[in-house]
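Below, in structure tokens: the form predicted on its own, a single chain.
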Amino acid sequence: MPAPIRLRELIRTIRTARTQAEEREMIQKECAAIRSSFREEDNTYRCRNVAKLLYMHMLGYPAHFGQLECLKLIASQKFTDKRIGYLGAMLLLDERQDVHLLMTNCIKNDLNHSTQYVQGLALCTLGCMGSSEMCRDLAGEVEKLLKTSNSYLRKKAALCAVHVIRKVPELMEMFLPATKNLLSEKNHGVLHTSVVLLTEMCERSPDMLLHFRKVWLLVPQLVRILKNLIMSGYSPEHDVSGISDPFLQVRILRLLRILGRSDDDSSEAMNDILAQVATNTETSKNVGNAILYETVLTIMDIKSESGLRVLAINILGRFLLNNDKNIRYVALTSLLKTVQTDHNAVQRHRSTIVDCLKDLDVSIKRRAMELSFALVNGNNIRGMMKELLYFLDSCDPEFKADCASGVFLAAEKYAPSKRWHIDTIMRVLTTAGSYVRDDSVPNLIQLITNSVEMHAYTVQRLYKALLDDISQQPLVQVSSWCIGEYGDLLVSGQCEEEEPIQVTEDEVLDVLEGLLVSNLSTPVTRGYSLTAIMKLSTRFSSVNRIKKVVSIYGSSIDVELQQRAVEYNALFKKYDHMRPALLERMPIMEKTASNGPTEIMQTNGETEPSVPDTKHLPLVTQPANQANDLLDLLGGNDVMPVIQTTLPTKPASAGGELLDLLGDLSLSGGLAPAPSVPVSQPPFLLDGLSSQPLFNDTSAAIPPMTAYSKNGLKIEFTFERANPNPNIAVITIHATNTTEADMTEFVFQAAVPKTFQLQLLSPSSNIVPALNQGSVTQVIRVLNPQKQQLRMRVKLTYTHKGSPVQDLAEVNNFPPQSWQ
């Protein structure tokens, strides 16, 4: 068989390939020749073939068939064979493959070899890919080599010990005696690897960390080594850009950081050397900057003196002036981590940080923006907001959302006056309205509502902004809401903060009608506009024009807009006497802290988050979108709303469900959808039951009844009488399913006449098991102070065999004991 080509020739041949297909063909041809050579047990060229195989592996081609050949090379007595064999083992083998265990004996023999270079190969291989089993078997040999006088072997043994500790942490104490003498070595390679080994031990074991601090007194030893490095003269062997062994300095600084963390004595011992490193290190080269950065991290992480921390922050401030973008980014990131603990020191570099907002690099701009917001306080709010709003005007779209949110939060926290607060948020809406968060609109509405003295000024500013640009939807929504609430102030020209503008009622209505037909308006914006026009029917004299606009949208293709228009038309016709009271101005909305989730309070059709004031609450509270829909559909103030303890499952469709469920206006005060997510409950008249037994012993006298039985679904009512209030009937529903398939997404809803009050508690489940294998239970509380006959209309929705089912039923045959 002819001699195979050399590795150099193979590389040259592969590089001449013009296409990937041609390269693959060459590789496949050579792999076939290598396989043939392996089958013939050709010892002469095995080393050459494995070397070529490793090159192919580096190019991404499969080379697993050479694993056993690597083991044969390791077992060879020739150093050149061992070198390629160990290299192949490190590249082609790992601990997930059982083949690597066959190497254990060879490595053990080579660790005891008479030649240091063979021992070095074995240490490198064990430290690279040794499994936990191999590490346990060979840890003794590694520990022996740590004690040898040969510096070449000691540094390799130290790195191998790091790998052993990572694989088998319980072997850590084995290396402790041998490690103690490593720091007294003058060889920098041994020093470097010993610091790496000590760092690994400290990170892995708190007990070992305490031992190094208190018993070994490791900090003074490290301080001495670091001081020698700084004070030593020029050494060509270790010098890098005029700095003596920066790699060892960085490693020592990292170990000092671990030793000084949360320890006063260790921190005190290293304060002086850290100050010396920070002041004596040359910053003209990147090597010096790397050491300074590690020094800063160490100072910030230990219990250092305040002056030393200021020095560290000043170093980061100098980094911000560096031309290297990576150094500026590192400085901004580090300052962002320290701004909470050393706020005043970071404030000194505020102008430099703000200048980074103009950087072309997007990563630096983002870090500078985050740090700028962290620096905002009550003293610099005006200046910082000016810079950040300028940044918001010119920044890329990817920054606008985060920047707008940051401006909102900072303005809310540190606003010097309400007018400044409103002007700032309006500036954001004008500049980046399409990028603001969803809650910005209700938050601004609440701010405007609570700023009574600013109503005329605000509505005038928003009206002007609306004339200039209607593309920013949040701005348009806030403007529409304000014009609807305070349109009379706009027309009357009562603004005192700036020169009032002359606006007629028709001009205002023209603007709002333009929003309804604009292609830029979203469905939500159109809803705001229609509601604003409706509100103006009690503030303007152009009632006939408003009636005409509202009636047009009664047949809108947008269901939400259509429903609003239909309800508003009903207010004009049947309930016109109630219209002024329903559309009067919103009261001041109090925003107080709450442990529970924020309630959603109604604002004439628009929702905004607020927390209800429990001192002024009526006996009941209503879910979002339903209370107002009830007013619209049933006639308002004489309706008895439903007591609701939890948020509704489907609030968006509540209006339509009311229409379906109630049918006529003689029925109930409300709809009680099945609740799903518990929230903090407001006080209501049934709360007094919690401290006493819920039911009395006479409840057994009330017979149960079947309220519904259809399509395999059966609803049974059982009754209890609440204690101590005999006017409250507690009804427990039991829903069972006789079909062969589960009924999922089961929701039970109920409505009662307006002389009753009804409360639905959470159901036990939303799945009714098949074949009567279980039931869903739910408790209804009904207050019947007038002892009238109980009537109830129920609505059932569920999914059965993949198809949605919906049904209505009326229950009038309640046993007399349940309501008498």
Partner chain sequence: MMRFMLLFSRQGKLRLQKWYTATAERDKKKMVRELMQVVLARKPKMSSFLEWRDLKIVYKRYASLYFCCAVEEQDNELITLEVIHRFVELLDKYFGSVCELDIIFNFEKAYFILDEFLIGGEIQDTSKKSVLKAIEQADLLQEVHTHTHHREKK
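Residue numbers count along the first chain shown, from 1. Owing to the predicted nature of the structure, the values given are computational and were not obtained by experimental measurement.
Not pictured, yet referred to below: the form predicted in complex with its partner chain.
With the partner left out here, its partner chain still marks one of 338-346, 568-576, 178-186, 247-255 in the predicted complex; by a 4.5 Å heavy atom cut-off that stretch is 247-255. Contact annotation for residue 771: none of its heavy atoms lies within 4.5 Å of its partner chain in the predicted complex. Contact between residue 562 and its partner chain in the predicted complex is not found at the 4.5 Å heavy atom cutoff. Looking at residue 38, you'd find every heavy atom of it more than 4.5 angstroms from its partner chain in the predicted complex.
Shown alone here, residue 152 lies within 4.5 Å of its partner chain in the predicted complex, counting heavy atoms only. Using a 4.5 Å cut-off to its partner chain in the predicted complex, not one of 320, 413 and 478 places a heavy atom inside that distance. Checked against its partner chain in the predicted complex, the candidates 286, 542, 494, 276 yield a single residue with a heavy atom inside 4.5 Å, and that residue is 286. When you look in the predicted complex, the only residue of 705, 91, 741, 516 with a non-hydrogen atom within 4.5 Å of its partner chain is 91. Taking its partner chain as it sits in the predicted complex, the stretch 49-77 comes within 4.5 angstroms of it through a non-hydrogen atom at 51, 54, 55, 57, 58, 60, 77.
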